[in-house]
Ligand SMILES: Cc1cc2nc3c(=O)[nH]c(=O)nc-3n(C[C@H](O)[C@H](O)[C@H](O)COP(=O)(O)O)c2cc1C
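Before any questions on how it binds or moves, here is one chain, the form predicted alone, in structure tokens.
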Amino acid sequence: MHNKFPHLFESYKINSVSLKNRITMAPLFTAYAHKDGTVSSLTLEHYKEIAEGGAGMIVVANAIVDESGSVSKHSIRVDDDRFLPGLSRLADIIKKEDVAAVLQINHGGHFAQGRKTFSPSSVSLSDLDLGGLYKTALKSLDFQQQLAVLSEAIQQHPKRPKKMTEDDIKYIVSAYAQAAVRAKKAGFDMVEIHGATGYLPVQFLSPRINNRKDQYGGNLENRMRFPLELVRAVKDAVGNDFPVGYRFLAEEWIEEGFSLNEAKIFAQRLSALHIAYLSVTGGTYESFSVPEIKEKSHELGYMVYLAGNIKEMVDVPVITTGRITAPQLAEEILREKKADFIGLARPLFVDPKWPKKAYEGKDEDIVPCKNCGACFQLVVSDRPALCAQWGKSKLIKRKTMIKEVHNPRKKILIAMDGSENATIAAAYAADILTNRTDVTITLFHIKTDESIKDESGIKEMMDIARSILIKAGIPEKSINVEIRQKKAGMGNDILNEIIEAGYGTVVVGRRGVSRANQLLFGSVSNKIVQNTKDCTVWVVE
């Protein structure tokens, strides 16, 4: 224990998980994941650097529990087992440094960007006061970028979200529970339910937004029902030996919103369910741009009073956050028992070595967060976070990695239509990519009436293509096979897959096995060439 900050570097146990100090990385969304929701090399680099900096616990931000809840094109996803390998690597990188790894799970509700969005009530974004938030985001962009962001926002939210039925509620609660099980399988030490910032649990709690007339709306008891059911389902799914924390909204900071008095009652209910900890915060996307709240957010430790109020009501550890830039302030908060842990988000983003410098008594060397808002402006406009205070070499390295994540030439889709020419296309790709160990290849087939009749032939074709790629030196683990039902037509289905999964290169054969398929797949290849923007297309004759 270091003498200068004895409380800050005191060890602690959350359930069975031992923490070496009281410093946690509070969840900070960075938009570093691949477009398909997989963990990127940039994600790994970011959390590795934070882990090496000496924090006791790291909360990985905003893993999406269902496709309908995605809040960004670059959110980590945990709604399918295919995301487990990347999540496992991420958990390992954090735990390797003797740091507790926590995965925060989330559903964006009406803030989500999916084709179908859910909300407790039929409230559209136009009914919410988000003008200031968009102005904040747009400030950092040039005119063309502003148009692109606004156009995308309009396209993403063309209508009111779906008011959730009781079946929808059961489905989403189950999605959270399954996501928590995956977090446990991936090797994380804990999971944190995101119940703040205005996302789905808050939308149920908020009397402004939740206008339901059933058992999930009306008085506080009813409005608490969804998040409490959520916590119970997650805890039941992962078992008593796996801690479940909660990112806790103590105040909406908006008129007629969820209040601190209501939050105290809700905190007691969560405590009674033996939640592992409460990470206390304030404000939502609507209130962040309110002038008085913006002014308040510049004050050091401006959320600490919220944590203090909640700590008086519960028997579980409380994490506080909000402009705690110096170890002296952190030590004072712990000494005065206003919280049990210090949550640092942007301070660790600016200077990952904040904990090590504090431990070694070199706190004067800490690079403080100036609260300039540059990182926030970037992520609100769905661009990866950067810090204006980083050194030149780190900025260059991060920008290079961002370019790779957002334009992933090494992620390759080979369209397999069941024809000999598709196999030739795979052989062509194998020849070009010989001994490349840095690529990921997906052999992608859309079922047609013809291919459904010849399932064994399709499987044989995939096996041959896979074998060709492996013989060319492509690692077996880097080759995936995806077979999908036809939805919007072959061309559109392939285009949708390219966009949603973020492929940088597509390989397609032009001629099919029959004259009909020649016409069909010829038109498909033309369609792909004409409609892909940030993607290289190889058309093999």
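Residue positions are given as counts along the sequence shown, with the first one as 1. What you see is a predicted model, and the numbers here were worked out from it, not measured in a lab.
There is another form of the same protein, the form predicted together with the ligand; it is not shown, and what comes next is about it.
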Worksheet item: What is the one choice in V78, L344, A101, I441 with a heavy atom within 4.5 Å of the ligand in the predicted complex?
Response: L344
Response to the item:
With the partner omitted here, the residue among R182, R223, K73, R323 that in the predicted complex has a heavy atom within 4.5 Å of the ligand is R323
Worksheet item: Does the ligand get within 4.5 angstroms of any non-hydrogen atom of F29 in the predicted complex?
Response: yes
Worksheet item: Hey, in the predicted complex, does Y302 get a heavy atom within 4.5 angstroms of the ligand?
Response: yes
Worksheet item: Heavy atoms within 4.5 Å of the ligand in the predicted complex: does A61 have any?
Response: yes
Discussion item. At 4.5 Å between heavy atoms, is H194 in contact with the ligand in the predicted complex?
Written reply: yes
Practice prompt. Within 4.5 Å of the ligand in the predicted complex, counting heavy atoms only, one of 328-336, 78-86, 463-471, 373-381 shows up; tell me which.
Written response: 373-381
